[in-house]
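Quick heads-up: it's one chain on its own, the form predicted alone, in structure tokens.
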């Protein structure tokens, strides 16, 4: 009987050690990293993504932003022009906002007055503008990845995108891989 109890205790101890190893592995498998997939091109949603990103980066969390589809409008430089675009690409370029300062609000756009009102309130409340947020993001090392597939579908070219220190071009698989390592993943 004593031997049977001793064997059961030994098995329980082995199981506890196995569980401890698995918990250690799980704790070590996620990095202190925030990954955000941004697909909306609405000003308020870009603002939300930037505010969350800056807060995380200020807390020494690595931040990776993946801009796709409509959000690419926020990364277009209104001073740059791409040449040799086909008709559909030129149409997208004309229809979609050219840069973060031309974005509309998702709600209460009010014929274009909504963004002006939000910008006025932000300035009055000493909230950074989108331009300032992007500069701060660059200074804090926040990475921005532009989805190549979305960029190609929408007819955008690299030469019309913003200058940003940690800007790169990649596909969804890159985002999924990096987000899998992140302790926090968001979709905006």
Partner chain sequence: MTHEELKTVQVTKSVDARGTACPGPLLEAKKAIGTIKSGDIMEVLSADEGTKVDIPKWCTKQGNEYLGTIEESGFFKIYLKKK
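Positions refer to the first chain, counted from 1. The shown structure was predicted, so the numbers you read here are calculated from the model rather than taken from an experiment.
One more form of this protein should be noted, the form predicted in complex with its partner chain, which is absent from this view; the next part is about it.
Student: Going by a heavy atom distance of 4.5 Å, is residue 61 a contact of its partner chain in the predicted complex?
Tutor: Contact check for residue 61: yes, within 4.5 Å of its partner chain in the predicted complex.
Student: So in the predicted complex, is its partner chain close enough to residue 32 to count as touching (4.5 Å, heavy atoms)?
Tutor: Yes.
Student: Would you classify residue 128 as touching its partner chain in the predicted complex, given a 4.5 Å non-hydrogen atom cut-off?
Tutor: Result yes; residue 128 sits at the interface with its partner chain in the predicted complex.
Student: Heavy atom to heavy atom, is residue 149 within 4.5 Å of its partner chain in the predicted complex?
Tutor: Residue 149: no, not in contact with its partner chain in the predicted complex.
Student: Counting only non-hydrogen atoms, choose the one of 36 to 44, 134 to 142, 150 to 158, 66 to 74 that falls within 4.5 Å of its partner chain in the predicted complex.
Tutor: Selected stretch: 134 to 142.
Student: Taking its partner chain in the predicted complex, which residues along 38 to 55 bring a heavy atom to within 4.5 Å of it?
Tutor: Heavy-atom contacts to its partner chain in the predicted complex: 51, 54, 55.
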